[in-house]
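Given next are two forms of a protein chain, the same chain in both, each as structure tokens and marked structure 1 or structure 2.
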Structure 1
């Protein structure tokens, strides 16, 4: 189990690097799908089967498909994409990546079974997820719903402008 955790975590980090390093938005969206699938594998290893299923259905299944449709709808040629330049933000990002890799190497010394999340016997159960979602996190849940509503309105505005 521990090996599967480290493989999925490493693949997730590598896929995240693909997301931020590719110039083509379609490659980045597919890299994001791979990141989300690897996070679902991590949930399975930790015993959160419901969370893994929701990760695949909602994020990898719906959100990434929405991103891919938007990329295909915009259909930007390579000449319209911005030129890559080394900026202070990219240097800072590279430093953050090195820090995260260092923390991952530090975490490699810990056993997956010793993680505090696994001490909760109700981890990943539907009842517990629903209870946390609609009590402690209800404001965040509603804010995400407004964010998704705004994204849908933005997509409709883009399509209407392009058709007209």
Structure 2
């Protein structure tokens, strides 16, 4: 289990680097799919079997497929891809991001305790997540459904418009 975590962690970081470094958006999208699958593996290690299934089903199976579909739909030739230039602002922001990550890692380093032993066999099971979702978090659940409805209406309003 421990080794699975470290393998998945390093693979996810490597594929995340692929996402942001490739010029071709198709390679980035496939890298993103790899990140998501590896994160799902980490979810399994952390006992979230249901969430791992959801991560692959919705994230890798639908959202990233949507990305890939749009990349294929736009079918951008190499000349239409934006030219990535290195500017001083980019170098500055890169430095700031490094500082941010360094601070985050420092903060994370304070919790060196190991994860507690899992005695509860029902941890992360479908029934438990469902129960929480429809009792304690029911308001959140309803709000998110409104968000989705809004997103659907927004997308249709955006794309349906005829451009002269």
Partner chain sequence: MDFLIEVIKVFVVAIMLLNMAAILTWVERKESALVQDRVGPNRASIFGMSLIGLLHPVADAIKMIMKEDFVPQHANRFLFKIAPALAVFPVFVVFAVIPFGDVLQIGERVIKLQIADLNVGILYIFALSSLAVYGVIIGGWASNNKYSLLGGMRAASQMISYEVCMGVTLVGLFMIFGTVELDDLVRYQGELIGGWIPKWGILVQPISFFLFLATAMAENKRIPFDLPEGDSEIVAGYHLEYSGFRFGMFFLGEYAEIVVISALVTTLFFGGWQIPYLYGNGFHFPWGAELAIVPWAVSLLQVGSFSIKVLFFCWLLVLTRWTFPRFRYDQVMRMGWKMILPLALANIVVTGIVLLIFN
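Model, not experiment: these values are computed from the prediction. Numbering follows the first chain given and starts at 1. Note that the rigid core is defined as the largest set of C-alphas that superpose within 1.5 Å between two forms.
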TODO: Specify the structure that is the form predicted on its own; exactly one of the two qualifies.
DONE: 1
- [ ] Would you tell me if residue 26 moves between structure 1 and structure 2 by 2 Å or more at its C-alpha, with the rigid core held superposed?
- [x] no
Task: residue 145 C-alpha shift between structure 1 and structure 2 of 2 Å or more, rigid core reference - done: yes
Open item on the list: Core superposed first: is there a CA shift of 2 Å or greater at residue 155 between structure 1 and structure 2?
Closed with: yes
Task: Angstrom shift of the Cα atom of residue 135 between structure 1 and structure 2 (superposition on rigid core) - done: 7.7
